[in-house]
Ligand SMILES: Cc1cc2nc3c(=O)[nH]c(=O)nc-3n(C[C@H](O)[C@H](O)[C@H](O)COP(=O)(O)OP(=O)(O)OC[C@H]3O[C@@H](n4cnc5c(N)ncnc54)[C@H](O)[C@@H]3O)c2cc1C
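First, one chain by itself: the form predicted on its own, in structure tokens.
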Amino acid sequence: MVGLNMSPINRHARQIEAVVLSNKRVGQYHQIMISVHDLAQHARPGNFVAIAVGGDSSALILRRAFAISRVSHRADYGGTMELIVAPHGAGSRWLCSQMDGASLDVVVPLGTAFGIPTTPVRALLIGGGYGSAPLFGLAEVLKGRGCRVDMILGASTSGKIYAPQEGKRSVTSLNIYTEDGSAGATGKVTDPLREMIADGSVDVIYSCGPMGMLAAISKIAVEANVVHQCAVEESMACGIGVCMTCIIPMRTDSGEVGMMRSCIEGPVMDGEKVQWNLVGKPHA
């Protein structure tokens, strides 16, 4: 069994005013860099940030949660944080419209991070669409621990793949799958998974992306008795465990099914414990 160190939840989280340092369009997404000062040293792969969106006069009352892609330290700005945002809803479109120098009301870092192996292992990272963004920061941490890091990215079409050039240097191998064959191999990210596990190339799987993809990966991982940590995609209205809108059905240690909060017990969860057949369904 792979040993993983898990970190305490929200112990270092603070509400701050973060300045937008840059906002660049990267394909269908926006790469947004913000200044978070000393909080960058407490952010871990898998954590997220909750941002107040819409401005002071907006009807968008609730914060929006965004996965942290990576953090770094710059001599001119101090701690910085990178977000990869798809301008789909009103909140994310507002965020993508913010210019350099704009001030954001953020709470960071939040949530449960990915567990990092205590010894070098063969790690497989699987990302779907822009959900792959946090995996590149995770890859850097794993490589620093002496792990072999392979990555599989997938999407319905090439335009939805997020694979930064600098990120490719963080992995041992990178393979891309698109359902329409417009980039990489034609198919889904799960297509090579059973063979890779059978070859002994995988000790632990980390995944981030659509819930359907996470469920399919988890099924294969459970069958092969491979550890699978997944960052679930659920709407987090408050981000701090109060509103209960982001609950996920999970098997507890006693064998019963309990409703866990994605923003507190997650977003990184044990894929084997998530009750994927009950996700999105009413639960008594």
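Just so it is clear, the structure is predicted and the values come from calculations on it, not from any experiment. From 1 onward, residues are counted along the sequence shown.
Here the subject shifts to the form predicted in complex with the ligand, a form of this protein not shown in this document.
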| Any chance Arg44 has a heavy atom within 4.5 Å of the ligand in the model of the complex? | no
| Contact flag, Gly91 vs the ligand in the model of the complex, heavy atom cut 4.5 Å | yes
| query | Would Ala216 count as a contact of the ligand in the model of the complex, using a 4.5 angstroms cut-off between non-hydrogen atoms? | reply | no
| task | Would you please decide whether Val232 lies within 4.5 angstroms of the ligand in the model of the complex, comparing each non-hydrogen atom pair? | result | yes
| task | Counting non-hydrogen atoms within 4.5 angstroms of the ligand in the model of the complex, say which of Val121, Ile116, Ala86, Ile176 makes the cut. | result | Ala86
| said: Going by heavy atom distances of 4.5 angstroms or less, which of Ile248, Val226, Ala40, Ala67 would be at the interface with the ligand in the model of the complex? | reply: Ala67
| Every residue in Leu62, Tyr130 and Pro267 with a non-hydrogen atom within 4.5 Å of the ligand in the model of the complex? | yes
| query | Where does the ligand sit in the model of the complex: which of 234-242, 218-226, 248-256, 32-40, heavy atoms within 4.5 Å? | reply | 234-242
